[in-house]
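Consider the single chain below, provided in structure tokens and representing the form predicted on its own.
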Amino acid sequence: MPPKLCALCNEARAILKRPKTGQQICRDCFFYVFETEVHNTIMEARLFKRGDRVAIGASGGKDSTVLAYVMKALNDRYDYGLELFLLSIDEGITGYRDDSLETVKRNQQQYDMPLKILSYDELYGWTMDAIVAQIGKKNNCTFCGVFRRQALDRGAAMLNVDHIVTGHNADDIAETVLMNIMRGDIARLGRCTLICTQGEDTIKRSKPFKYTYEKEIVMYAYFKKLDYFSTECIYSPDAYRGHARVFLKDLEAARPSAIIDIIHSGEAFEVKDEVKATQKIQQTCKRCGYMSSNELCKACTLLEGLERGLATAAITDRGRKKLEESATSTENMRTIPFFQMPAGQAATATAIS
């Protein structure tokens, strides 16, 4: 029986079946359609403009590694005119993040991109190892998620970038939709499916892999022989997201389009006016200057709890001291929010690790 030919070029031998479409295609056609779909997502959402400085959230894992590779390839191929950086957050997880950061450092050399590494200890005075030692493994992902988001914004401000891109894929977004539904948090559905959101000041945050299946990212990394770190976080097995992930995989096995269908469902949700009215107005955290819907942002609230020895979880005194040292003066740190520092002052924090 002759080998099956690629469904797209009808010339080369088909060596893989796309999880997303079921098409049997050759390796080169897979690379082409994978990259083209990401390019089309970027163009349709008008994510960037020429001259943008873009930080790629780099963890060393498959998603961020493939994102860095593809962003560089598309930037060169289609002449986006972007200046690309790698931005990594060191949560302080021994035996996991320290090893994955070595992968990021190799990616820095492989993709010829500047790299900035910012740590929880540097920002908050706490590592995730220290946090877990105090509160246990239950709910530790809540701390990490809040701290990581703020750390990315702060790192982006240090790099003076216009945009942060993350490797969140279609599976991740579908899981988030399911989690919000299971928790009854319907008001978040519209925001969690957005491809681009506004962060601090003028820094945007977007997901070029919004419609890209996780399985195809793995296949792309494998066939491209990319250098990435594949070990799972030692604290994540206890995360609530794991339940949504298992449920989603079962749905995908029965119906591969379930992932995209769930995303489209989240996009189509209309929140009633009375629900919108309960959403709080954004303001500035009185302790650290970060955006918040309360007097204290989530990070400051969690850290305040840690400092008091409570499991309910600021910039802490240790963390505040380190932040103040990175500013030109203590007075400026007290009166000017971190993301509104004058250009000259911000320039003192743009050194690349």
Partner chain sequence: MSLNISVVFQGGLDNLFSKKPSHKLTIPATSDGKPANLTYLIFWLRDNLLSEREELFIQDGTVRPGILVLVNEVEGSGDGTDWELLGEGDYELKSGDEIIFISTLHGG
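Positions refer to the first chain, counted from 1. These figures come from a predicted structure and were not determined experimentally.
Below: the form predicted in complex with the partner chain, not depicted.
A.B. asks: In the model of the complex, does residue 62 have a heavy atom within 4.5 Å of the partner chain?
C.D. replies: Because a heavy atom of residue 62 falls inside 4.5 Å of the partner chain in the model of the complex, the answer is yes.
A.B. asks: Since only the chain is shown here, I'm wondering whether residue 249 would be in contact with the partner chain in the model of the complex (any heavy atom pair within 4.5 Å).
C.D. replies: So residue 249 counts as contacting the partner chain.
A.B. asks: Looking at the partner-bound form in the model of the complex, is residue 228 within 4.5 Å of the partner chain by any heavy atom?
C.D. replies: Yes, residue 228 sits close enough to the partner chain in the model of the complex that at least one of its heavy atoms falls within 4.5 Å.
A.B. asks: So in the model of the complex, does any heavy atom of residue 218 sit within 4.5 Å of the partner chain?
C.D. replies: Residue 218: contacts the partner chain in the model of the complex.
A.B. asks: Can you check 210 to 218, 260 to 268, 182 to 190, 117 to 125 and let me know which stretch has heavy atoms within 4.5 Å of the partner chain in the model of the complex?
C.D. replies: Selected stretch: 210 to 218.
A.B. asks: If you check 105, 245, 149, 205 against the partner chain in the model of the complex, which one has a heavy atom within 4.5 Å?
C.D. replies: Exactly one listed residue reaches within 4.5 Å, namely 245.
A.B. asks: Could you list which residues of 147 to 175 come within 4.5 Å of the partner chain in the model of the complex, counting heavy atoms only?
C.D. replies: Counting only heavy atoms within 4.5 Å of the partner chain in the model of the complex, no residue of 147 to 175 makes contact.
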